[in-house]
Ligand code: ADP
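First comes one chain, alone, set out as structure tokens in the form predicted alone.
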Amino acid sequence: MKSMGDVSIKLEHLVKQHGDTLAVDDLSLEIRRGEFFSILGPSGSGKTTTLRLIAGLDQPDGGSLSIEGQLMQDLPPNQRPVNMVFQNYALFPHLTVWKNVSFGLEMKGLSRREIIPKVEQVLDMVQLGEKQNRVPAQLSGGEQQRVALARALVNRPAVLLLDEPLGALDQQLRQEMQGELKLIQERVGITFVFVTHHQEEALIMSDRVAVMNGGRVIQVGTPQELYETPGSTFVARFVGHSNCLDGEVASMDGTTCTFRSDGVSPIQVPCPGHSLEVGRGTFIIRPERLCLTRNAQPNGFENHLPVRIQKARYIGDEMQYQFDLAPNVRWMARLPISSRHHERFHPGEQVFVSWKAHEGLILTS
């Protein structure tokens, strides 16, 4: 557990109004020094506004914000220990890579002798030393993104803010840059705050993630915590894919709950660590936790239900199967393809879906 001295950014009860819209609603958050922290949420959730408040591009209507222990109220962006990388990179098209990166240092009045080693170091870090004399139009999208990163990092800010910086890249390049961005963050060791609506991206790169919706932080946790133990149905549905079933907790017997839903046989679920009462709730299970079989015997599975395959999709290393668990309730199972002899199922086929009781969970919010 990190101590308070390790807090890089502290937001307390921040409020920001855009006209009639409450963009940030009583937001409190602590971001630790040196971590890769992502803010994840759908469009309009308030994540970019939060980033702009940290940067000083917007001013809050209420609450307080501190960076490295210093209150930022009324401090303009150029006096804050942060730099920002935007989705469009905002490079100077007529300047070379070197001049783009050195521009900020020159504006600060540093001598050429001071500038040269700083620029060389950061260009080497982003692997652009051999292309320092090119202009942005002569670079690929990924290379332009690395120039924007180098320009932001050359001043060694305490915090680097990144607003959807991979959004303009194609899928393959985006995946490559995810690994590069995390590697660069580990090398420089400064706090990265990364805004995205791309769930997989946040899970791959982040030490911790804050999920936002409606201007509020819904849950903060490690990628594993958010995926395996979501605190609400919104997080379960938004972070990855979840199969959901509305119903009620009908009974509790020690460590096991019985969950009932219209048109579905009773489901066995472990009782959660927090208090849970008999009543309405939503059962959640991830697609990769499910097994499909033609065998009518449960073979050690606590839950074993008959279903009919509706769709089958080949995705290279896995098969995705959709089936109707109940009227108006369609689930998906993701099964890895481990060999040529992997069992395949076909649309229209009657099979059985099975899972262990501990693989699912019940949420009441």
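Start at 1 with the first residue shown and count on from there. Since the structure is predicted, the reported quantities are computational estimates derived from the model, not experimental observations.
Same protein, other form: the form predicted in complex with adenosine-5'-diphosphate (ADP), not shown, and the subject of what follows.
If you check in the model of the complex, is Thr48 within 4.5 Å of adenosine-5'-diphosphate (ADP), heavy atoms only?
Within the cut-off, so yes.
With the partner left out of view, is Thr21 within 4.5 angstroms of adenosine-5'-diphosphate (ADP) in the model of the complex by any non-hydrogen atom?
Contact check for Thr21: yes, within 4.5 Å of adenosine-5'-diphosphate (ADP) in the model of the complex.
With a 4.5 Å heavy atom cut-off, would you call Asn328 a contact of adenosine-5'-diphosphate (ADP) in the model of the complex?
Contact check for Asn328: no, nothing within 4.5 Å of adenosine-5'-diphosphate (ADP) in the model of the complex.
Though only this chain appears here, would Gly44 touch adenosine-5'-diphosphate (ADP) in the model of the complex if you measure heavy atom gaps against 4.5 Å?
Yes, contact at 4.5 Å.
Can you say which of 319-327, 292-300, 30-38, 48-56 gets within 4.5 Å of adenosine-5'-diphosphate (ADP) in the model of the complex, counting heavy atoms only?
Among the listed stretches, the partner-contacting one is 48-56.
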